[in-house]
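Taking the form predicted alone, here's one chain by itself in structure tokens.
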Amino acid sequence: MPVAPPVDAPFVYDPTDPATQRSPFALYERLREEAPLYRVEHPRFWVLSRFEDVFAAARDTATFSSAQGLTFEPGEIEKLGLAPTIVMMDPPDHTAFRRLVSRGFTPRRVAEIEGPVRAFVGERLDRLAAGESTDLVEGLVGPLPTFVVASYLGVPAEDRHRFDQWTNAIVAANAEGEMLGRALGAVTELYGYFTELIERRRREPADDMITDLLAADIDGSELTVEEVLGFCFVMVAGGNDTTTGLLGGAAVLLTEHLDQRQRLIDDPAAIPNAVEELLRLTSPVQGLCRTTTRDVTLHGETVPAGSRIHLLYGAANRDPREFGPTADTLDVARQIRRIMTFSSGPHFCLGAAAARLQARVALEELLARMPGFTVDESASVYAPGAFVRRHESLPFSPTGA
């Protein structure tokens, strides 16, 4: 993606540059300090990087709309022939649909998966300890969120292998913005599978999200098959690589900051608070776009109506204006009032509680079983893509720290 800075900008922000994807934080600092409203020319979009700006825009859905999509250019979902999903709705449509699906993400429903998640993590750590894999992504942090999403959607155990293959293809293509080219076959097969699963759940209800959606209605009308399929797609595309990014990034931070790791080993009760700090620093979703519905003036410049504007969560989450002079430093005891990792306002991530649960359980088990683990960030590979920052591979050793 060729980009050009504003005339007076002394640097170029290119979110598709592999160097930026690997280590964006110095650039984020320059954006916050030198160009808090930054313009990219091809394709044209604007960037907000300071916490207060990003926080306010995320909550103002009347001005910053999601209805035209969340990437730099509109139309990706329509090109796949899919109906708009919940992440591409504005209130009041979004409000009604969110109220319906949020029943599956209540604290009680999330707590119900802790036992299976802990068993899955334990089994995967046993394999890593036995040397079956030397890669943390392959061994644990890639398969874990796929397992959780499949559990939520009620994918039977005998179908998990196929589901994993489709999910991996979609996650990789989604990160690169190449859904049409790289994953069209997987999308088609996955939709065919879920269409059959929906019909099966009509006949044989189960304790899963698809059954819940089929039993629900909005304003007296049942959800269409397309609407149920759309939500399944959101779960697959949005619930996997984000948690992988969190857990891989957390392992890197705890390898780089052994004093902070030791605090968690000495006091496992501190892990839930540490998860918030790790969510802040990793920011698996580095940013998403909105479309302005009116002219907006920010930092002395006017963004015209109909413009794409990139809300850079990863930069906002390290803004010293919000988090103080140590904003770039891991502090597992930091008391955090608000973060942008799950966005804010109407589009606050439905899966936030499930992501927090996975992170807490994974860290509890990893630090209890392998307190001396190491990961090699220098030999890691990052997945391409401008929106989600995650490892594609991350060399792992059970001992050595």
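Keep in mind that this is a model prediction, so the values were computed, not measured. Numbers follow the displayed sequence, beginning with 1.
The protein also exists as the form predicted in complex with protoporphyrin IX containing FE; that form is not presented, and the subsequent description refers to it.
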Honest question, do M235, T243 and T341 all end up within 4.5 Å of protoporphyrin IX containing FE in the model of the complex by heavy atom distance? yes
Taking 4.5 angstroms as the cut-off for heavy atoms, does Q358 touch protoporphyrin IX containing FE in the model of the complex? yes
Using heavy atoms and a 4.5 Å limit, would one call P346 a contact residue for protoporphyrin IX containing FE in the model of the complex? yes
Although protoporphyrin IX containing FE is absent from this view, report whether L70 comes within 4.5 Å of it in the model of the complex, heavy atoms only. yes
Contact with protoporphyrin IX containing FE in the model of the complex for R263, defined as at least one heavy atom pair within 4.5 Å: yes or no? no
Among 330 to 338, 349 to 357, 32 to 40, 367 to 375, which stretch has residues with heavy atoms no more than 4.5 Å from protoporphyrin IX containing FE in the model of the complex? 349 to 357
Tell me, which of R200, H257, R98, R118 has a heavy atom within 4.5 angstroms of protoporphyrin IX containing FE in the model of the complex? R98
Counting non-hydrogen atoms within 4.5 angstroms of protoporphyrin IX containing FE in the model of the complex, say which of V87, V187, V137, V228 makes the cut. V87
Those residues of 310 to 328 with a non-hydrogen atom no more than 4.5 Å from protoporphyrin IX containing FE in the model of the complex are Y313
